[in-house]
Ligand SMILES: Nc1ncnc2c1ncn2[C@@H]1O[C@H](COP(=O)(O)OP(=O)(O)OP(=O)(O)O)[C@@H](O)[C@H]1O
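Next up is one chain by itself, shown in structure tokens, the form predicted on its own.
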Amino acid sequence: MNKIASKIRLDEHRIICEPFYLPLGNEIAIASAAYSSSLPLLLKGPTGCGKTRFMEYLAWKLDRPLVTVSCHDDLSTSDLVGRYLIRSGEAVWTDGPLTMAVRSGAICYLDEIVEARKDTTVVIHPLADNRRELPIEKRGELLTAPPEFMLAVSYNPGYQSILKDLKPSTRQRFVALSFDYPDLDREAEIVVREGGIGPDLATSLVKLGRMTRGLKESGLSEGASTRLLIQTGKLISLGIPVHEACRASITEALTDDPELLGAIDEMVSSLF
């Protein structure tokens, strides 16, 4: 794929309007400094706490296209770098999202990087150190990333295990930022803005979210994320009764266990 074709495709990834993002600390300044210094970025935090929204805001602020890849168990090196495809009886090279981002100086965000295969993540090593190079072995090509390119990855430490964790050789290449759920007032402000509901209702939803996050010792792997609270607010703003909205967007989304379902239902009844 030539540079003109890459540019046309990347135009779809440019964020025009400013995304709503409420800073929790000095993360914007640190990420901007990392970009200026050509350093890669590692975001750590629980599900739905704002890591992806932060990357959208950063891309908008830096005026760079954002190429996001949702990593999974079957993600191969070819999925990231590219492959030959047969078109009209001819083998034609097609850049993968990582290659496309490197060629055009975009931000490439690998979401939940630990979900990818171990042999796949090795391909980012020369991109994430001072070399800033991407080898394309199938083409015998070595790309050097321009100053505008940035590599960012994320993962959820709550799912860490021996089998699913970043190797020290990988994680020590990155500037790391830890994310967590905001304090009650800020989280309520986010739910008001994104969910389209009033402050009192948003505060009650955040309190419910915090209560579910306390159920980890009772077998709940993850409590309600800020994302789930926003989704619940949107249902309520469209006329769905509060209890039904909470059941559909929080309770049923978190668990299938009858005892935990009952416990969360009781929390909802106590707050609403």
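We number the residues from 1 along the sequence you see. This is a predicted model, so every value here is computed, not measured.
Below: the form predicted together with the ligand, not depicted.
Considering the ligand in the predicted bound form, the lone stretch of 81 to 89, 189 to 197, 133 to 141, 116 to 124 in range is 189 to 197 [heavy atom distance within 4.5 Å].
Looking at Thr47, you'd find a heavy atom of it within 4.5 angstroms of the ligand in the predicted bound form. Mapping the unseen interface onto this chain, Arg227 counts among the residues with a heavy atom inside 4.5 Å of the ligand in the predicted bound form. The closest non-hydrogen atom of Arg213 lies beyond 4.5 Å of the ligand in the predicted bound form. The ligand is not shown here, but in the predicted bound form it comes within 4.5 Å of a heavy atom of Leu24. Listed residues Arg53, Lys61, Arg247, Lys207 were compared with the ligand in the predicted bound form; Arg53 is the one with a heavy atom within 4.5 Å. Although the ligand is not shown here, in the predicted bound form the stretch 103 to 128 places heavy atoms of Asp111, Glu112 within 4.5 Å of it, in sequence order.
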